[in-house]
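Just the one chain here, the form predicted alone, laid out as C-alpha cells.
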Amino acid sequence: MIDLNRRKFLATGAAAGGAFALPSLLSAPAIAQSLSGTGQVVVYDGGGAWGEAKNIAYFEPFQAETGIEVIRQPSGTVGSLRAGILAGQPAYDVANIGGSSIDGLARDGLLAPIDYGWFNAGDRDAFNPVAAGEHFVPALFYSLIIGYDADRFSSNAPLNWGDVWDVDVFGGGRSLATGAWGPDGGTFEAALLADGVPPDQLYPIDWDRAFRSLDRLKPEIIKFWESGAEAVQLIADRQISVGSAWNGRISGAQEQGLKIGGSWDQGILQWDAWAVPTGAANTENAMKFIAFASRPENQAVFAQNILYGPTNARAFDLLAPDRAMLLPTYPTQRDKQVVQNYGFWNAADAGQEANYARAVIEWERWLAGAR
C-alpha cells in the first residue's frame, strides 16, 4: 500500500506552491489578541493529508503559542456528533462540520455561539465568500471532483460524471463517497449530473432519479469510501480506475509523484466550518483555537500545504500567484463547478425531516434493497 499520509509531500507542496517561508507565515501578527491559556482542547482531525496540513498550520503552532495542548480526535459522522452532544458527551471541543449540517445543528441548540472577542481586529469581517456566522466560522473551501488512474487513461481521461458512469469507454472499478454522509460526499449530486440533470436544476434533489442512476453504477462499485484519504488510496492501489475524491487529496497524491489525475468539470464546491458543540468540556480553549485558525497567516500556511481554499480572504495576500491559481475558488476552477446548495440540504422536507437527514435514511433503505 502506498502511504498518502506522509508529511514530506505536504512540505514539498508548500515549497512548490510559492516562495514564502513557513516560519514567516506562522509568525503571529504584530498586534494580536493573546490566546495564552492552560489545559487542553480536543479538535477534529480528519486524518490523511488534510489532518497533516491542519497539524502544520494550526495544531502545532497553536500549542506552541498558547501553551494549550491540542488533542487530535479522529473523524466521525454528523449523526455520531449529534448523538454525543445530546448525551452530554460531545466528541470534540472544536468540531469541523460540513456547511450542509450547520443550520440544523444550530437550530436544535447543539452548537455554542462563537465568542468573537478572541479574534484579531478585522479577521471576522474578512471572511468571503461565506461570512462567519453566529454558531460557526468557515474553515476551508474544497471541491468534490473526479479522480482517475492517469496511467490507464493517459490519452482519453474521464472529465465529467457522465464519463464516470460510462464503464464501456472508461473501464475499471468505481468508488463514490458513502451516502451515509448525506450531502457531504456529493454522491447524490454526482448521480444526477451523470444522469443528465443540468447543474441549475439539481435542487430539489429528485431522490428516485438519483437512486436509479446509482443503481446503474452499483455493479461497478468496489467500495463506497468513508474517508478522504481512502478515496485516493483506492486509486493509488489500483483497486479502482475512476471515482470521486476531494481536490486536496488528489493534489497531495500528485505532489507525492503518484499518477492520479483530476478533473474540475462538474466539480461540487463545498465548505466546512469550525463549531463548538454545546456542552464541550473546554469551551474557552475551543474559542481561542478557532480565533487562531482564522488568522490569515495560519490559513495561508494551510493552503500552502493542501489545496483547500482559505476562508479569510486576506490569506490570499500571503499566497504566491502560482499557488493561489490552484485553489478551488480561483476563477478558472470556480466557473467549471456547481456550488452545493446548503439552503436545500438544511431545509426540511414535507415530513419535516431535514434533507440531509433524509438522505441518510434513503441511502440506508437503498443499501438494504428497500427502495
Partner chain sequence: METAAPSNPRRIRAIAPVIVWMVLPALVIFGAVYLVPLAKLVAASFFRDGALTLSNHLDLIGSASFRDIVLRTFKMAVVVTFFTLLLGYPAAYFLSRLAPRRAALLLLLVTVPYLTSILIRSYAWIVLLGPTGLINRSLLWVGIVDEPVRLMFNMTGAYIGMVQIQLPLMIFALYAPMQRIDRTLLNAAQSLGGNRASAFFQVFLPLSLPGVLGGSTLVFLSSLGFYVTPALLGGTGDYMIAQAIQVRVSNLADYDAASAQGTLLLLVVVLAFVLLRRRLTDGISESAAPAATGQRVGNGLRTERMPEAVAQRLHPFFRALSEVLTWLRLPALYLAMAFCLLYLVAPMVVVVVLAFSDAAYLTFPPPDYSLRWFRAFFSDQRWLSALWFSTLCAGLAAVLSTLIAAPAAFALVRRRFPGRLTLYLLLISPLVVPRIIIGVAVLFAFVPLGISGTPIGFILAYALVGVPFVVVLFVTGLRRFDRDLEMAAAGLGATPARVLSTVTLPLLVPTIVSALLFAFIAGFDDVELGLFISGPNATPLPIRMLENIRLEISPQIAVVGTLLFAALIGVFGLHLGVSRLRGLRRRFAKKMILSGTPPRPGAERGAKP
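It should be emphasised that the depicted structure is a prediction, and the values quoted were computed from it without experimental measurement. Positions refer to the first chain, counted from 1.
Beyond the structure shown, there is the form predicted in complex with the partner chain, which is absent from this document and is the topic of what follows.
Residues 210, 247 and 324 are none of them found to lie within 4.5 Å of the partner chain in the predicted bound form, as judged by heavy atom distances. The partner chain in the predicted bound form comes within 4.5 Å of no heavy atom belonging to residue 58.
Using a 4.5 angstroms threshold between heavy atoms, residue 361 counts as touching the partner chain in the predicted bound form. Taking non-hydrogen atoms only, residue 45 approaches the partner chain to within 4.5 angstroms in the predicted bound form. Taking the partner from elsewhere, residue 196 is found to have every heavy atom lying beyond 4.5 Å of the partner chain in the predicted bound form. Site annotation in the predicted bound form: the residue of 131, 86, 169, 121 reaching within 4.5 Å of the partner chain with a heavy atom is 86. Taking a 4.5 Å heavy atom cutoff to the partner chain in the predicted bound form, the contact residue among 224, 165, 271, 136 is 224. Stretch-level contact analysis of 225-233, 188-196, 123-131, 150-158 against the partner chain in the predicted bound form, using heavy atoms and a 4.5 Å limit, identifies 225-233. Annotation for 235-260: interface residues with the partner chain in the predicted bound form are 237, 239, 249, 256, 258 [heavy atom within 4.5 Å].
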